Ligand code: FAD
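Only one chain comes next, encoded as structure tokens, the form predicted alone.
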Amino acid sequence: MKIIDILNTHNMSLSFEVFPPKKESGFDSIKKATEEIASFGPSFMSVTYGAGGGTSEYTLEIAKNIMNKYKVPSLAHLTCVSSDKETVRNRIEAMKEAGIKNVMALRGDLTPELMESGLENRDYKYATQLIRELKESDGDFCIGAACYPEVHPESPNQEEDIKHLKEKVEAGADFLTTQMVFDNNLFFQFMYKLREAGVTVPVIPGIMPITNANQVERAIKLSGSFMPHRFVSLVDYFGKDPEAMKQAGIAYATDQIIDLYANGITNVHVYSMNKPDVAKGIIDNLSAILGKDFGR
């Protein structure tokens, strides 16, 4: 099933992101965790792609396993900046052969090596180029793209950032998924500006349950996200008690999701960090809201 078909039903959906192992030695344990999350029956699951494409084979294998074994629609991430055209086209062919219909098209991280060598001679500089390539292939893909409610760290301002998002949509992106947001008001403001700019595709807010105080610094570094005072207070108070912090983090994320649903946002994506207990905690908290048929 294509993700856009799920989004267009206007029913409440809840999806989860998982990531592949960095090394072969970690594959079995991560595969087990992704299978457990898939067994909960989420609306779909996305599988990330390592920096530089180092875990591309694992991405495809996990996405294919989720789709075939658990009948959960899979969204496979694909990055381009560290690859040449031949490599990207081979990966697109591999996804087609695996029956993958949903692709998250990303530029990818600018690693120190890429920054040092410069992007002038790279085949790909922007995600827009990858989106066009996917659209022109005969894979009939549903294409997702990323967005930053609080402005991409490399953009000079939000107006410029939204301009580039519009280019992604015009190139063929069917929907957008945000970086992690901890303040829903920032997401609502972003949505208003997107619609005002003529970007009308579905936008899925990304929610990350912080269940460990050490995750806060990494989350800020990854996304530049604003941390509301009530969230900072939560971490300060519960951060030294692992079990209390986990429960509080799940509760905070659940509260965000409920608020989004209550304000007409029907699709929410959770960055699960490969933690089945966290995914299950959120699903249990939303059981009556999502309904007894969720995941069937």
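Bear in mind the structure is a predicted one, so any value in this text is a computation, not a measurement. Start at 1 and count along the sequence shown; that's the residue number.
Omitted from view is the form predicted together with the named molecule, to which the following refers.
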- Item | Heavy atom of residue 148 within 4.5 Å of the named molecule in the model of the complex | yes
query = Is there any non-hydrogen atom of residue 104 lying within 4.5 Å of the named molecule in the model of the complex?
reply = yes
* Spell out, yes or no, whether the shortest heavy atom distance between residue 225 and the named molecule in the model of the complex is within 4.5 Å. => no
Legend entry - Non-hydrogen atom contact residue 271 with the named molecule in the model of the complex at 4.5 angstroms: yes
Exercise for review: May I ask whether 109, 167 and 178 all come within 4.5 angstroms of the named molecule in the model of the complex, judged by heavy atoms?
Suggested key: yes
Given 207 to 215, 187 to 195, 94 to 102, 140 to 148, the stretch touching the named molecule in the model of the complex at heavy atoms within 4.5 Å is 140 to 148
Those residues of 62 to 101 with a non-hydrogen atom no more than 4.5 Å from the named molecule in the model of the complex are 77, 79
